[in-house]
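Take a look at this single chain in structure tokens; it is the form predicted on its own.
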Amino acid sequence: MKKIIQNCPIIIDTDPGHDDALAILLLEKSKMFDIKAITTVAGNSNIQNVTNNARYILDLIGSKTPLYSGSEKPLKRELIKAVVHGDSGLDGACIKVQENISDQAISKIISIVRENPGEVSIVVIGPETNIARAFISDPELPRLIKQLIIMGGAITVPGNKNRVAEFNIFVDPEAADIVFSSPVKKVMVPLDVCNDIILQMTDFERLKGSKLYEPLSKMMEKYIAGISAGEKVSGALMYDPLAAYYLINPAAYEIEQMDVKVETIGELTRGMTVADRRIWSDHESNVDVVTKIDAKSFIDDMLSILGDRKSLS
């Protein structure tokens, strides 16, 4: 594995979400990063639920990472929530806390980036509303961010929300359009690679003996049931952890530069991420698209980190 510099500053922008929970836990427990903040955005559920869910995840491991709530709805549309995660957005979790809602996420993203120019990577694993609002508020911000790691979009495969669109982009296509059009380095982890990596309950048995085994087992049972009913896939799709793992082991990823635009107008194609695949086109690439992931490395490393087993080399 290619080592990365320890304690790189990052922000996790998220709408937890079962797969978001795994992504947050993976980054937190890797101890490889200086996690400056977790910012929440409405997506998988409403802003109150996803912020409660984020607090629950942090409390599972006793994390003191600052948590700030953000956008309660898309820039121009009504919120359409996910189905596979249940009413709470994190069914199977025993959530009792009611976290305060502050809408400080945008101001915190701006201040953290400006205090660490050129250093902060943002893991964007929900709708891109918070990031777009930050860019609108501070037009210079995109040039001050090290990179965005975006879970979203579909290049050559069907969508999981409509015929062509992935959920995060579908929820707020106007925000995604702003982000994809901005002069910031972007790494996109699309459905194309996410669809190929599916975990079963037997995989999570490898966490036996760890503190996370029981709560994650309960959450994953609900998630697998939701995925089975909603997407007709037997197992837990690893959307957001695959975006998180890019920061841990970028050598496990193959990348292709593409010119990708977001459809905001089409009646049937809302949220489609349209890549210009023409070899004769005079286009300019604006995003690094992940085209392949070493599945074994990802699964072994994620379960090792979550289970407090041997350190990554």
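Not measured: the values here are computed from a predicted model. From 1 onward, residues are counted along the sequence shown.
The following text describes the form predicted together with beta-D-ribofuranose (BDR), which does not appear among the structures shown.
Quiz item: Just one of Ser69, Asn53, Thr273, Asn44 has a heavy atom within 4.5 Å of beta-D-ribofuranose (BDR) in the predicted bound form. Which one?
Solution: Of the candidates Ser69, Asn53, Thr273, Asn44, Asn44 is the one lying within 4.5 Å of beta-D-ribofuranose (BDR) in the predicted bound form.
Exercise. Using heavy atoms only and a 4.5 Å cut-off, determine which of Ala175, Met188, Ile125, Leu90 is in contact with beta-D-ribofuranose (BDR) in the predicted bound form.
Key: Checking each option against beta-D-ribofuranose (BDR) in the predicted bound form, the one that comes within 4.5 Å is Ile125.
Quiz item: Ile131 near beta-D-ribofuranose (BDR) in the predicted bound form, any heavy atom under 4.5 Å?
Solution: Ile131 lies outside the contact set for beta-D-ribofuranose (BDR).
Practice problem: Check whether Phe180 has any heavy atom within 4.5 Å of a heavy atom of beta-D-ribofuranose (BDR) in the predicted bound form, and answer yes or no. | Solution: No - in the predicted bound form, heavy atoms of Phe180 and beta-D-ribofuranose (BDR) never come within 4.5 Å of each other.
Quiz item: Quick one: does Ala82 come within 4.5 Å of beta-D-ribofuranose (BDR) in the predicted bound form, counting heavy atoms only?
Solution: Looking in the predicted bound form, residue contacts with beta-D-ribofuranose (BDR) include Ala82, since a heavy atom lies within 4.5 Å.
Quiz item: Is Ser121 one of the residues lying within 4.5 Å of beta-D-ribofuranose (BDR) in the predicted bound form, judged by heavy atom distances?
Solution: Taking the distances in the predicted bound form, the answer for Ser121 is no, it never comes within 4.5 Å of beta-D-ribofuranose (BDR).
Practice problem: Look at the stretches 198-206, 100-108, 158-166, 134-142 and give the one with heavy atoms within 4.5 Å of beta-D-ribofuranose (BDR) in the predicted bound form. | Solution: Stretch 158-166 is the one.
Quiz item: Across 16-33, which residues bring a heavy atom to within 4.5 Å of beta-D-ribofuranose (BDR) in the predicted bound form?
Solution: Counting only heavy atoms within 4.5 Å of beta-D-ribofuranose (BDR) in the predicted bound form, the contacting residues of 16-33 are Asp19, Asp20.
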